[in-house]
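The data below hold one chain only, encoded as structure tokens and taken in the form predicted on its own.
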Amino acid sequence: MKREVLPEREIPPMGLLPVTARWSDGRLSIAGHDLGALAREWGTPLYVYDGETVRQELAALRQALAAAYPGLTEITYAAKAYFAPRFASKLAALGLGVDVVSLGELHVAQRAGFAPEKLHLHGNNKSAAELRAALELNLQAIVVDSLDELMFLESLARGAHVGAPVRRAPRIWLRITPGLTVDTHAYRQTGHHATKFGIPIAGGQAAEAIRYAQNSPYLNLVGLHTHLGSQIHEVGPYVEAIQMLYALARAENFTPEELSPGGGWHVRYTEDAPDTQLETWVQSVAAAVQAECQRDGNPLPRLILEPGRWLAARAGVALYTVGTCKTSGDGTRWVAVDGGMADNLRPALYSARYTAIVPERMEDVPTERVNLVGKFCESGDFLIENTLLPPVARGDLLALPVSGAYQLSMASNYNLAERPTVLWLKEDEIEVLQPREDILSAAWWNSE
């Protein structure tokens, strides 16, 4: 029986694949590049990023902010999502700011072209070297995470003033912990009472930090920040957190020039995940800030949003080659690929769920229930547990959409695996963002 050839069309799951994804005669392409051909040329595991998806996601966020908030705004990318040097250069060219949490990320941001006034230094345990670098570069803001750090930073800033009394005091934000628990994985919750992050409102530490910073001639307190967690799909916690920040500021007679409710808005990884709307988040955050300022008769602060996952995740697709396919004694069907937890730790760390497709047989119906696993020597090395796939065999290509964030940035050399090649795709253009690591290169053996 002749197989029906379906016409080229936008394909499910369109909300998960990059915006340029198309298929014709069963073959998937991104930005006009056939994924099977890319895998054969560059090998697998292979990660590809669609440049147009990053651009459109950023444009949508900017448009939503402009429509919802009449004051000044800033969008800063959370570098921890993925920040290889060439990718960072793409983001800098788009006019983004960036949130860094280490000296390494700070140096990459500098080399990528981010100006100091576009940089925020975060982190719950910043080193002296990181803080000194921030002071020397005069970053847009150092986000202070504790009373201990506040006093330590002041001592460093005081030292920087010796012999240079006209030097400007560093701009700082205070990261405030409101004590709110959001509906997400426990490891992604960062705003509750027991978190290691931020200065708690409970017990008066946040109020003390505001007073201390305002009274210091060596610090310039300009803003408040909070971050509730990641993969949040309800706006209520954001609104409540903003109200708590303003209540705190009001009690201490402090008017923030800048305010950041963080990022963490939900990204869909599977078709059955909540289809949350970006505009809902932005409108709710903007309205909450405006209501608080109107209440007090204060000017609007510059509103800073901090997406990382939201800008990068959908743009990325991971490609793997199927290896062993087998059935265990209890009837469980196993499909193993040539990657796994060394390039994607999220399923093991967060019980994250993904969708897998067969990019060279897009019209095949998923009929086989399998566990999709990696090649590493850990029982927790799952990519997708208990999922439906079309029948696959050794040598077939699999693609996992929504692989652009928190995978490569957490990749490791476990079992001495090599970190994969990463490509940036545009129409008629392929650029290597990150070459495949070479474990046998001289750099690995120079320590002998």
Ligand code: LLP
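The shown structure was predicted, so the numbers you read here are calculated from the model rather than taken from an experiment. The first residue of the sequence shown is number 1, and the count goes up from there.
The same protein has a further form, the form predicted in complex with the ligand, not shown here; the description that follows concerns it.
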property: In the model of the complex, the one of Glu149, Glu306, Glu130, Asp338 near the ligand [non-hydrogen atom within 4.5 angstroms]; result: Glu306
property: Listed residue (Thr355, Gln231, Gln205, Thr73) with a non-hydrogen atom within 4.5 angstroms of the ligand in the model of the complex; result: Gln231
property: The ligand contact in the model of the complex: Gly264, any heavy atom under 4.5 Å; result: yes
property: Proximity of Met410 to the ligand in the model of the complex, heavy atoms at 4.5 Å; result: yes
property: 4.5 Å heavy atom contact, Trp42 and the ligand in the model of the complex; result: no
property: Close approach of Tyr69 to the ligand in the model of the complex, 4.5 Å, heavy atom; result: no
property: Stretch in contact in the model of the complex with the ligand, which is absent here, among 216 to 224, 271 to 279, 78 to 86, 314 to 322 (heavy atoms within 4.5 Å); result: 78 to 86
property: Contact set, 86 to 101 vs the ligand in the model of the complex - heavy atom within 4.5 angstroms; result: Asp99
